[in-house]
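Before any questions on binding or motion, here is one chain by itself as structure tokens, the form predicted on its own.
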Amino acid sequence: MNVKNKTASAEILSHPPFQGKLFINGEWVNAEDGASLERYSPAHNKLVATYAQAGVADAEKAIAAARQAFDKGPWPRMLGAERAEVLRKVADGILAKKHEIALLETLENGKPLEQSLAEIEGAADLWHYAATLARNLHGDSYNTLGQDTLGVVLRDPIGVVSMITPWNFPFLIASQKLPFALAAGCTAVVKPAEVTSGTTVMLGDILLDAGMPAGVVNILVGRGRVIGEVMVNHQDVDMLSFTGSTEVGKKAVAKSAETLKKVSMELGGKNPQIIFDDCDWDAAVDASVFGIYFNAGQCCNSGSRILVHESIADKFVAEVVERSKQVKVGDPLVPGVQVGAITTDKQLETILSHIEGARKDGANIVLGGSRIDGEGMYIEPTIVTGVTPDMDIAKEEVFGPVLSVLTFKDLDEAIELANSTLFGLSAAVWSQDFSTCITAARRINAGTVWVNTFLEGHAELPFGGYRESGIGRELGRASVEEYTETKTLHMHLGKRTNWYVPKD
């Protein structure tokens, strides 16, 4: 494994750290109490960014700005075509700065630069897609309620939306939420994870250049336990859109219930790839490797379980192990590196703890299992066999480059294993038999089921999970509707008969 090439990143790391402020009511401001925070690159342990750190007072100002912009400002009252034009300009602005944005994402997150660039380009596509929906959001009408009645159903923007995004895909996930809320006419307060705030902060200038009115989007950098509490609880926030762990998501839902906010939750996963004995062998092996090591396994959609038919299990796993040995781990600024650093020290400890727990439970660590020595936070690609459904490694989200292998004897057992966790985000089925694929896909409890492919995505297709993987859906043509309230206009035509009839 190629772990380091310091020459490739030395010049980049010699540049001054990125400087970020809070974006409130269309202006860049420091925190009211003067607080700041620093971000060190997980791949190089170098200071790469400093930020103004928002406190409660700053969060309240941002919410007040979003409230004013919604209640009094032009954005919710614009033509859909006018909002669409602004969203298209944002998309173009993202593409114009894609290399700059991608570099900062890699420095803060630790993922390979090539992957960051693809993520930013994909995010721009989401803004373009949301622009089309801004012109197509519509209600309904009923002309079948009698000659004296007409029913019209409207879709009103819900109002102020708090958006809390995670550190694994900071710019992409913000772009799965924000443009769709804006297309509906909402305003927003966005809080990226404090360890990967830079790319979302950079979005502020792009919004200004695109002509976004002041207060429509506000961006806060800060710690969840401080400003996240305000964003979840505040009476002037109408909706909470959260992406993160299931544990934190549950707490956020509970707190938001105090003000009965609408919630959208995109949470964890323990996603299976079911490998039948008639699979496209090379494609399934490649997808098993890609599915677990993409973004260092720090992906809610990660294919962290492969369920392999017992007749091919030994041979299939042996080939997955051999290909995993060829995966290039190292400096994310070096071209060709496939797996970069683990994003936070806390996550590094969590991953290693899961590996040790699997070992204690009697599973076999047949590849990797350790931290890579040297500068930066890297973990070896890891494969665990001898896994049984009752083990924690088979049920709990590791969020790292750790693949668990289970076996099955027939389709029914495969489905039972696939559905044996509390999650239901995604899955994949690998077979050349169409009937097998569709039967399995219909019986798996997951929001997305890939058939003979894995981890592909399109803006047109809804994304979200069953059970503890979340509430609601992002993307797709109905995504804008998530940020609306439904209003019924029940209209009577002509003279109405009085209910009260006076006595003679």
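This is a predicted model, so every value here is computed, not measured. When you see a residue number, it is the position in the sequence shown, counting from 1.
Heads up, the form predicted together with nicotinamide-adenine-dinucleotide isn't pictured, but that's what we're talking about next.
Partner proximity in the predicted complex, defined as non-hydrogen atoms within 4.5 angstroms of nicotinamide-adenine-dinucleotide, places exactly one of 387-395, 264-272, 211-219, 329-337 at the interface: 264-272. With the partner removed from view, the residue among V285, A124, V86, A193 that has a non-hydrogen atom within 4.5 Å of nicotinamide-adenine-dinucleotide in the predicted complex turns out to be A193. When nicotinamide-adenine-dinucleotide is considered in the predicted complex, only one residue from Y129, F294, W167, W75 comes within 4.5 Å through any heavy atom, namely W167.
Interface residue remark: I355 is not counted as part of the site for nicotinamide-adenine-dinucleotide in the predicted complex, having no heavy atom within 4.5 Å. Heavy atoms of V232 reach within 4.5 Å of nicotinamide-adenine-dinucleotide in the predicted complex, making it an interface residue. Taking non-hydrogen atoms only, L104 never approaches nicotinamide-adenine-dinucleotide to within 4.5 angstroms in the predicted complex.
When nicotinamide-adenine-dinucleotide is considered in the predicted complex, S404 lies well away from it, no heavy atom lying within 4.5 Å.
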